[in-house]
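For reference, the chain that follows is the form predicted alone, supplied as structure tokens.
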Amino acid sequence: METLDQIKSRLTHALLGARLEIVPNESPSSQRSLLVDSEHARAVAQWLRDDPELCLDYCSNVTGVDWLEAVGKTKIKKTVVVDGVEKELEETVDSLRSGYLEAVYHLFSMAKKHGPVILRLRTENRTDKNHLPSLTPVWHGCEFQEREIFDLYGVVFDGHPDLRRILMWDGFKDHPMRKDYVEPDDYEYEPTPHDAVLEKAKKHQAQEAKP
């Protein structure tokens, strides 16, 4: 199978205007992935599926990732004058990275017996701009998995045929797989609380009993 760099190169020529970026992976697996802008995500997915060399006809799984706002380190170079002589110095400054959500698709070819190619879609933020295009029209196996990401992470998949909660009930609030999720302390849905759950339930009942 082609390398991810080769796939990216061919995609760049096939779909003009698509913004593609290879995301490194520092884990032992070293599986790099291809980040695609939302506007071209559906077209990229169709190309990956229909390209005769790749024929990525099977999406094995789709996972969600929550990235909180974080401060990172950025190295910048600047020129300073010391005793009348220009010198170039490297300085490390803090840079704020906004939070966002991701959907990660693992693609294989059943016809060619190769893969995976890992595709990433990224929202603009974690609040009001949390939409991504659904890839269910390209790979039907994504349907339930995108629903799970919608349910647990709060990503809204535009164009999904049946986007609704799949694990939590309809009246459930928030998205329990988000890193800043705060679980309730009343546990009204737990008919027989025990251990740590019981202790939280008792504290909640005691607070409610205060005048």
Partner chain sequence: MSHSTTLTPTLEQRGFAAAPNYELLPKRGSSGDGELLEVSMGPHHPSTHGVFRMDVVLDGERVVKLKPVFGYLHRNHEKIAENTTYLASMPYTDRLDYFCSLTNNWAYALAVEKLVGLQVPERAEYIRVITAELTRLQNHACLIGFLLQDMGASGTPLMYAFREREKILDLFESLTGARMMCNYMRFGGCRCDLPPGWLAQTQQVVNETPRFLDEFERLLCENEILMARTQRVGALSRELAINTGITGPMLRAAGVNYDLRKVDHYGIYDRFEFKVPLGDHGDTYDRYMIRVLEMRESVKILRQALAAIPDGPIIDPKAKLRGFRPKAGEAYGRIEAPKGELGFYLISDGSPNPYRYRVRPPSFINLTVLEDLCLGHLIGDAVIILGSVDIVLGEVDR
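Remember, it's a predicted structure, so these values are computed and weren't measured experimentally. Numbering follows the first chain given and starts at 1.
Only in words, not in the display: the form predicted in complex with its partner chain, which the text now covers.
Chemist: Please tell me which of Asp174, Asp57, Glu39, Asp51 lies within 4.5 Å of its partner chain in the model of the complex, judged by heavy atoms.
Modeler: Only one option qualifies, and that one is Asp57.
Chemist: Hey, in the model of the complex, is Leu152 touching its partner chain, heavy atoms inside 4.5 Å?
Modeler: Yes - in the model of the complex, heavy atoms of Leu152 and its partner chain come within 4.5 Å of each other.
Chemist: Answer for Thr123 alone: is it within 4.5 Å of its partner chain in the model of the complex, judged on heavy atom distances?
Modeler: Close contact is absent here: in the model of the complex, Thr123 is far from its partner chain, nothing within 4.5 Å, heavy atoms only.
Chemist: So in the model of the complex, does Asn61 come within 4.5 Å of its partner chain, heavy atom to heavy atom?
Modeler: Yes, Asn61 is a contact residue.
Chemist: Residue-level contact is defined here as any heavy atom of the residue lying within 4.5 Å of its partner chain in the model of the complex; does Pro184 satisfy this criterion?
Modeler: Answer no; every heavy atom of Pro184 is more than 4.5 Å from its partner chain in the model of the complex.
Chemist: Taking only heavy atoms into account, state which residues of 139 to 171 are within 4.5 Å of its partner chain in the model of the complex, ordered by sequence.
Modeler: Residues within 4.5 Å: Trp139, His140, Gly141, Glu143, Phe144, Gln145, Glu148, Leu152, Tyr153, Pro161, Asp162, Arg164, Ile166, Leu167, Met168, Asp170.
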